[in-house]
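As structure tokens, one chain now follows by itself in the form predicted alone.
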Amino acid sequence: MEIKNVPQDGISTFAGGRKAMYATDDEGKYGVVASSGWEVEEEATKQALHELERLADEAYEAVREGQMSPLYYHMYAQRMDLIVLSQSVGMFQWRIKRHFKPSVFNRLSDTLLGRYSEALGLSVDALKQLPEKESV
């Protein structure tokens, strides 16, 4: 992309910020250019966030009905999926899926709960509970 074509749409998802993009100058040399975003990028980001909110709402109901552990809800509420959570805590996905079962989750050690709470930015006590619906 040429420097003159770097998007400068001032999208809302950047919140006034900018990101670095590589573009070529008139001589064809690459350089870093600040971009205020592209409308298509904004729409894609909003759709992704909407999908994570929908998944968090579904997870909330699954936890409330006792089908899944609170870990399942908090993963989506913190805008993560199984892959990201797995990478964040350094565990295999199959192991985390096992921890989504309430009977398994309730027996987890404090050390393991601490790894999850650190990755999700929650206290261990908050990790064990489902928040009130108003704060979801």
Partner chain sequence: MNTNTKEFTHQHAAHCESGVMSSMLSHYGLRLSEPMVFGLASALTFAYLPFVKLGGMPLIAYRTMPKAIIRGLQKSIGIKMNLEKFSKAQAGSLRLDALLDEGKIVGAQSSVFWLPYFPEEMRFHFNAHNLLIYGKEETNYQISDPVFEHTVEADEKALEKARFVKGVMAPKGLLYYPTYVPTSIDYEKVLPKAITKVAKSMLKTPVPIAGLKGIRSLAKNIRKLESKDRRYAKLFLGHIVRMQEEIGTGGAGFRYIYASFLQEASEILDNGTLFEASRMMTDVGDSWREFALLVAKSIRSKKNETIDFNAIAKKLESIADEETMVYKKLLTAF
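If you're wondering where the values come from, they're calculated on a predicted model, not measured in any experiment. Numbering follows the first chain given and starts at 1. Think of the rigid core as the biggest set of C-alphas that the two forms share within 1.5 Å after superposition.
Below: the form predicted together with its partner chain, not depicted.
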Of 107, 64, 29, 95, the one that lies within 4.5 Å of its partner chain in the predicted bound form (heavy atoms): 29
Within a 4.5 Å heavy atom cut-off, is residue 12 in contact with its partner chain in the predicted bound form? yes
Any of the heavy atoms of residue 119 lying within 4.5 Å of its partner chain in the predicted bound form? yes
Should residue 41 be classed as touching its partner chain in the predicted bound form when contacts are defined as heavy atoms within 4.5 Å? yes
Would residue 7 sit within 4.5 Å of its partner chain in the predicted bound form, counting heavy atoms only? yes
Can you name the residues of 31 to 69 that have a non-hydrogen atom within 4.5 angstroms of its partner chain in the predicted bound form? 32, 34, 38, 40, 41, 43, 44, 45, 46, 47, 48, 49, 51, 52, 54
Honestly, after the rigid core fit, is residue 124 moving at least 2 Å at Cα between the shown form and the other one? no
After a rigid core superposition, would you say the CA of residue 94 moves by 2 angstroms or more between the shown form and the other one, or not? no
